[in-house]
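Here you'll find one protein chain in two forms, each presented separately as structure tokens under the names structure 1 and structure 2.
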Structure 1
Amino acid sequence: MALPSGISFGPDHKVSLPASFNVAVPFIDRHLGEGRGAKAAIRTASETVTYAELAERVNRTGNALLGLGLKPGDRLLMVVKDCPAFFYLFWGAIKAGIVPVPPNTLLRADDYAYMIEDSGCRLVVSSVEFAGEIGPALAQLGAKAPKAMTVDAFLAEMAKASSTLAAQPAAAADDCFWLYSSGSTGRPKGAVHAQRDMVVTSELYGVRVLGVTENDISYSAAKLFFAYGQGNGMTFPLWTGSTAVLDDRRPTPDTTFDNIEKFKPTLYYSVPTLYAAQLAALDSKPRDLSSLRACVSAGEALPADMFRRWKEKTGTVILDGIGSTEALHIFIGNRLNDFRPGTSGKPVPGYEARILDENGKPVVQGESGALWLRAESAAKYYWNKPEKTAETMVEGWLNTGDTYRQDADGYFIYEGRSDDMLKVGGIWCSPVEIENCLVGHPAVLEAAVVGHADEAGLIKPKAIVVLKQAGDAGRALTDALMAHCKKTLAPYKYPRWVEYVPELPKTATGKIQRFKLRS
């Protein structure tokens, strides 16, 4: 499919956009002119929304927001489940010049109170399912609380609004939307993204790496409220004129398999935690996944053994990659014609990655260091966080906070968050490497590795393990897991302790919160 009028990418993969550019126009409006009005843009268990219906409801939403007193530049906090209304609010706000801010829908009242106050939003729209947290959050703020309404109440306002709306003039680098970071080690940070950013990710990763076309059907178990899910389930389909499948339920092996069998998606996006649970479910009940041409994983590194078992059971590869809230989507990833299990792949065209030592100098290839990224889709700054902005976004480069090394063939290998790395016997050790080894044992579903002090106060690896069958825990299994690691890894890397738990603490994006496991 040709690029929208006025948009081009050079041989260096840099985007060129018109001087006046509102991103809602190429993502929403152009499909009517290109003849897709009657095509399904969104499918759910209860409804199908065509591109014509989507465009009309986006216009009505923009007018309704303006009618409620919001002005261009104002923020809209939208705590909305995965449903068509998410699309209406997000794109209607952008078309009207209002800044949508979709936070994690799994948070608590204190978190929402913080985000409402931090963002200075003029309106909160929330799905009724979240009333138990949004109500107390607003009550905490008292007289400072903004106007708030449920999605259903807003849709009633939307229905009364005009169906025509001229796009608010904007420039490619203007503020467009925010995404709050997952806040795995503190208060969430509002990453401010520009109008151009969704164009960059949708074309460079969606089209040029995944090969998304208007014939694809995309289904993302990862939700719309964070960067990975937003690209998977909304911007990639809309950029290519294809179809998105939405499900507002918490994803489980049964719900995801049911959706795949019902809607026949060609692309499926998930996280390692869910892939692990799906593999366990497939052991007892085969499912029809024949519609899938590719699967994608992000959030945590995908163990090579999980890649192998998924391919054996489904015949489909899982393309692992790394992205972030700040970069907006995957910036290093495997491809269908170029993948290596156990790695994050290679940089997406148009993205520059470098690995630096503690002095800010490039490491020798094969050595570990901090991963820095340069990208046109990178957030402009953190809202109200100038010091954090200056620390993370330096001279056009983004400090990802991840530790990586690059193998001799150019594949990037994830070693953990920089503050998760362990020094064992004076040698740096990756918790992810040990975790991947443990997951390769047939009894293990998931594993996390953290540092723990021994009797002498020296730091050694400790494994926290989730088993496929809880009854297997015992000294014999612990000895077997230690032996498995000693056989596979360098001797000093084996876990000195193994603890068994029913589940691991994670962020909404599937990242293991190792800091909660340290003792």
Structure 2
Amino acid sequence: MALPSGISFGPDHKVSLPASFNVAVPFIDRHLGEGRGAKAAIRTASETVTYAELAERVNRTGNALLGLGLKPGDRLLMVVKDCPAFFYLFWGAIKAGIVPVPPNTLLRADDYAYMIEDSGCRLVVSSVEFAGEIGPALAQLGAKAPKAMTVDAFLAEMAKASSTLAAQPAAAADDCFWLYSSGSTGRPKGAVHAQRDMVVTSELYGVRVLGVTENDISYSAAKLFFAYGQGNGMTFPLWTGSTAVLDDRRPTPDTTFDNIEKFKPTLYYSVPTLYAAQLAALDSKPRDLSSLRACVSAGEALPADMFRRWKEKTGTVILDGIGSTEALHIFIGNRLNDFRPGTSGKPVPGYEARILDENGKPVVQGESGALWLRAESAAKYYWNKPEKTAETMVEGWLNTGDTYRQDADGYFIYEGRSDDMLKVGGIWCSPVEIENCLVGHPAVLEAAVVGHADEAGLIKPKAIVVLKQAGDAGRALTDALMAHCKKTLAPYKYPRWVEYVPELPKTATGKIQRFKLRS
């Protein structure tokens, strides 16, 4: 399929875009002119949305948002499960010049209160399932809280709004949408992405690496709020005029396999934790995965053994690739015709990766160092966080925070984070946040949290705890500490193991030496 008019990529894979455009046009409206109006853009268990219906609902959404008083440049916080309304809100906002901000839907009231305030959003739209966290977040903000409504209430507004909308003109580098990303200390940071960025990821990784075409059907177990899921399950399908399968449930081996058998996707995207659970489930019940031409993994490193077992059981490769919220999607990845299990593969065309030593000089090939990235899809800055921006985004290069080395053939091998952050099921987990939660329990004096590998070789949080009264240690307290964390934090963050010790290793300045506790 030809690139949308006015958009081209040079021999160096650099994009060129019109001086004035709106990215909703090539992703949404273009398909009507190209004869795809009756084609399914989205399929769910209960409905199919065609490209014509999608384009009309995007227009109605843009008009409804403007009608609710939002102006171009205003932020819309959308805490929305994986359903067609996610598409309407995201693209309707963009087409009207409004900036959608879709955070992780697994967070707690405190996190949402922070994001509402930090983003200065004018409206919060949330799926009713998240009311238990969004309600208290808004209550916490009192008179400062913006207008808020459920997705269902919004859809009623949408239905009343006009079905025609002129796209708000923008430049390639103008702010388009944000994604919040977390750090080991401090609050989440809003990574501000430009109009250009989804064009770059969809063409360079989606089309040129994965070979996505109009004929693919994509299914991402990773949710749309995650930059990974956003590309897999929304922007790549829309860029290529193909079909996305959505499921709003928590993904499990049963739900994901049922979806693959029912919708027959050609591409399946997931994270190592879920692949591990799926492999275990395949032992007891064979499944028909014959529709798949490729599987993709990201979020954390995929152990080579899981690649081998999946290939053996399903006949399909899993292409591991590293991406980030800041880079927007995968920038080093394995390909169908060039992969090496146990590595992240090679840089995606158009992305420049460098491994630097502590003096900022490129290492000799084979040595480890800090991974830096130059990407045309990189976030421009973090909202309200000039110091974090200056640390992470330096002269057009992005500090990924990862340690990497290259093998003799140039494949990139992940060696861990340079900070203490953990990836659990592909989602960030700050040890400091879990430690603070544990210390909030009356029995706990001090706590350290580190990553520990489970049976499948995947990292989960482990707590090392000093008690006020050593005699309290035991299964009952361990259960109570786990329950305390599940209740206070996003549930995937609770420690899977608790070890009791008389004291923690500390530096002279009293900082916990987590590296001494890793095992």
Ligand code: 3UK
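If you're wondering where the values come from, they're calculated on a predicted model, not measured in any experiment. Throughout, rigid core stands for the largest set of C-alpha atoms superposing within 1.5 Å between the two forms. By convention here, residues take numbers in order along the sequence of structure 1, the first being 1.
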task = Would you check which of the pair is the form predicted alone?
result = 1
query = Just checking, between the two structures and with the core aligned, does D472 shift 2 Å or more at the CA?
reply = yes
inquiry  = After core superposition, I'd like to know whether G440 moves between the two structures (criterion: C-alpha shift of 2 angstroms or more).
reply    = yes
request  = Treating the chain as two rigid parts, state the angle between the two structures by which the smaller one turns with respect to the larger, in whole degrees.
outcome  = 136
query = P502: how far does its C-alpha move between the two structures, core aligned, in angstrom?
reply = 23.8
